[in-house]
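Coming up is one lone chain in structure tokens, specifically the form predicted on its own.
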């Protein structure tokens, strides 16, 4: 590891396998299919590893759709909040299923998608999200149809629906309760369908999650309505599998010990900044430091960490759980070097699979 220049994301295949084995167990016991949500994780260098444990990919844009089709293969679902006229034919060419966000999009493009399976997004008007920013059921939400009359108007043109309403939901009882609400409120429609995607956001690979209870609940839902169930795990697929490796560039004390590293929360872990969360940093020892990024943003701060020994310039720090919504959101703010991507194989060896330089920075602009 010391031979690689920081910063870099390090994907650990042994840790990734642990998540994949839980996905496979859930699929086998429940009969549900699992599609990797590329909006969360799209690092295609490990798709060949993940492919054996999952059924395909689901996407939120034309480029994600194409990537899933070309690099992952298997079943490819296409969803977008709004397809453009110049995108739809290409999207249909890559997809096995296309899921329209609104009845208006179905009306506009349904005939052009007749060669593949078609679905519609259903919004149950509730969710588990604790963040208004990420809540698909927020007031005036544009994400899916909820009115039963409008949903009925789509019958005969669609064979399934996608219902995405969970967000980092590690509470099985809450999942069970909300799924029962969906069964009650939309049961007449569900009985007319061939498949239902329950989206992502179910934290079933988390420590202590009752995986078998979830599998049995999904199987019961499938039997009740005669549908193929899909899940779209993003974070659940890759949680705790990846670190962001950084180095200390400077140490200052402005009333508090601060370590400035060769990375940036805004450029390399943007989701944490958006949701005002701190990074998962080391917390063992008596020596406390604020870990800060190197951009000009005053709030470019990863959080507070604790170490057994005082930090020195050049020391390496591993920031945990750095796979989800990181590599897909990294950016060139301040022109700060973009982290490379490396993989730790199951034999312990580490290889770099992608690095980024000045030409990449320049090429992203004009």
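The structure displayed is predicted, hence computed values, not measured ones. Residue numbers count along the first chain shown, from 1.
One more form of this protein exists, namely the form predicted in complex with a further copy of the same chain; it is left out here, but the text below deals with it.
>> For a quick test of understanding: in the model of the complex, does each of 35, 207 and 268 have a heavy atom within 4.5 Å of a further copy of the same chain?
In response: No, the candidate spot makes no contact with a further copy of the same chain.
> Pick from 170-178, 191-199, 105-113, 281-289: which stretch has a heavy atom within 4.5 Å of a further copy of the same chain in the model of the complex?
Replying inline: Within 4.5 Å of the partner lies stretch 105-113.
> Is residue 308 close enough to touch a further copy of the same chain in the model of the complex, meaning at least one heavy atom pair within 4.5 Å?
Replying inline: No - in the model of the complex, heavy atoms of residue 308 and a further copy of the same chain never come within 4.5 Å of each other.
>> Against a further copy of the same chain in the model of the complex, would residue 254 count as a contact residue? Criterion: heavy atoms within 4.5 Å.
In response: Because a heavy atom of residue 254 falls inside 4.5 Å of a further copy of the same chain in the model of the complex, the answer is yes.
> Does residue 141 reach a further copy of the same chain in the model of the complex, with heavy atoms at most 4.5 Å apart?
Replying inline: Yes - in the model of the complex, heavy atoms of residue 141 and a further copy of the same chain come within 4.5 Å of each other.
> Would residue 117 count as a contact of a further copy of the same chain in the model of the complex, using a 4.5 angstroms cut-off between non-hydrogen atoms?
Replying inline: Looking in the model of the complex, residue contacts with a further copy of the same chain do not include residue 117, since no heavy atom lies within 4.5 Å.
> Which one, 128, 159, 222, 295, lies within 4.5 Å of a further copy of the same chain in the model of the complex by heavy atoms?
Replying inline: Partner contact (heavy atom, 4.5 Å) among the options: 295.
> Between the options 183, 212, 250, 96, which residue brings a heavy atom to within 4.5 Å of a further copy of the same chain in the model of the complex?
Replying inline: That would be 250.
> Going by heavy atoms, what in 310-349 lies within 4.5 angstroms of a further copy of the same chain in the model of the complex?
Replying inline: 313, 325, 327, 328, 329, 330, 331, 332, 333, 334, 335, 336, 337, 341 sit within 4.5 Å of the partner.
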